[in-house]
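Shown below, as structure tokens, is a lone chain in the form predicted alone; questions about how it binds or moves come after it.
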């Protein structure tokens, strides 16, 4: 059933509507919510929302409970290919929990929270931006790690990044819902303005595996991978020392050694290499620059550090 959960007046007699597809079957009380489209340039979740809805509706007899799919929390951003909310120059994921007496983005955010609150589990799906590509991962605040890691392990992601608290995160959807007792997992995968089909299918298998484990899906599922769990912010950041175009020589997901060449920043004007880019630690590349134009300080890669630097071992 398609439901409108929030709306606001726009110019020229138009209306902004936030909608969800609520799919229910059986007598089960468990409710899973799938949220995506907070950022208008993140489209991986659009395809995932379609895949989840399609599979459930084709096999509805296996569902016992409710799955709510929210494919576009920021439809204006998606329509205009804008990361934030157009006209407001605002990141929607910095507005929560919102306010019923506030501006249009704040009232929309408040209505979204009201509707999501009470879900047993919420999965908040994000892509990266247009500059970086991310391996499928779940990001969890250290304050909720004990509760959320068991569920994150069911999602078929490659690793789980447990990070420290940051003040800016307090205004996100995930932090707001977790603080209200609604268990919320943040998934990052792929690259902005694109759809990486293999990642979407990977997470699709994970979602149904989670549904089976929490007792709301009796259909067939596949075995999921055992993710690496990163603790204590055991991540190395590789930044550019020069301007130019970044051409990697390492692959996404490669395991590298400290000092190993992973790419070069090239100067098209002089025909020379402006900088050799080397790994800052032993580990696995889980973020890699997708957009080649870079400047001094641009993020080129993130490396999940090896065990001796405080992370988890890579063997699965």
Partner chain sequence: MTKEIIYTLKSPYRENLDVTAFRFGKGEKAAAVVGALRGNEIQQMYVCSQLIRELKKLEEKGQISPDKEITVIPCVNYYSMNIGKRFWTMDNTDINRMFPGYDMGETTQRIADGVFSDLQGYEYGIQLASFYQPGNFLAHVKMMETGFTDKELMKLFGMEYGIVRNPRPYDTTTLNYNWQIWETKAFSVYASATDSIDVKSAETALEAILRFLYNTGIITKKVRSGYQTEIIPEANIAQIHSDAAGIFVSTAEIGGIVNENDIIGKITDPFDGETISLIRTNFSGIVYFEYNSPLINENTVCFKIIRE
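Numbering follows the first chain given and starts at 1. Just so we're clear, the structure is a prediction, and the values are computed from it rather than from any experiment.
Beyond what is shown, the protein has a form predicted in complex with its partner chain; the following relates to that form.
- Taken together, the three residues 57, 247 and 249 all stay farther than 4.5 Å from its partner chain in the model of the complex, as judged by their closest heavy atom.
- Considering its partner chain in the model of the complex, the lone stretch of 211-219, 100-108, 190-198, 156-164 in range is 100-108 [heavy atom distance within 4.5 Å].
- Contact annotation: of the candidates 149, 243, 180, 81, the single residue with a non-hydrogen atom within 4.5 angstroms of its partner chain in the model of the complex is 243.
- Taking a 4.5 Å heavy atom cutoff to its partner chain in the model of the complex, the contact residue among 294, 23, 18, 306 is 294.
- Residue contact check for residue 145: none of its heavy atoms lie within 4.5 Å of its partner chain in the model of the complex.
- Although the partner is absent here, residue 170 is a contact residue: one of its heavy atoms lies within 4.5 angstroms of its partner chain in the model of the complex.
- Using a 4.5 Å cutoff between non-hydrogen atoms, residue 268 counts as a contact of its partner chain in the model of the complex.
- By the criterion of a heavy atom within 4.5 Å, residue 31 is excluded from the residues contacting its partner chain in the model of the complex.
- Contacts with its partner chain in the model of the complex, taken as any heavy atom within 4.5 Å, map within 1-36 to 8, 9, 10, 11, 12, 13.
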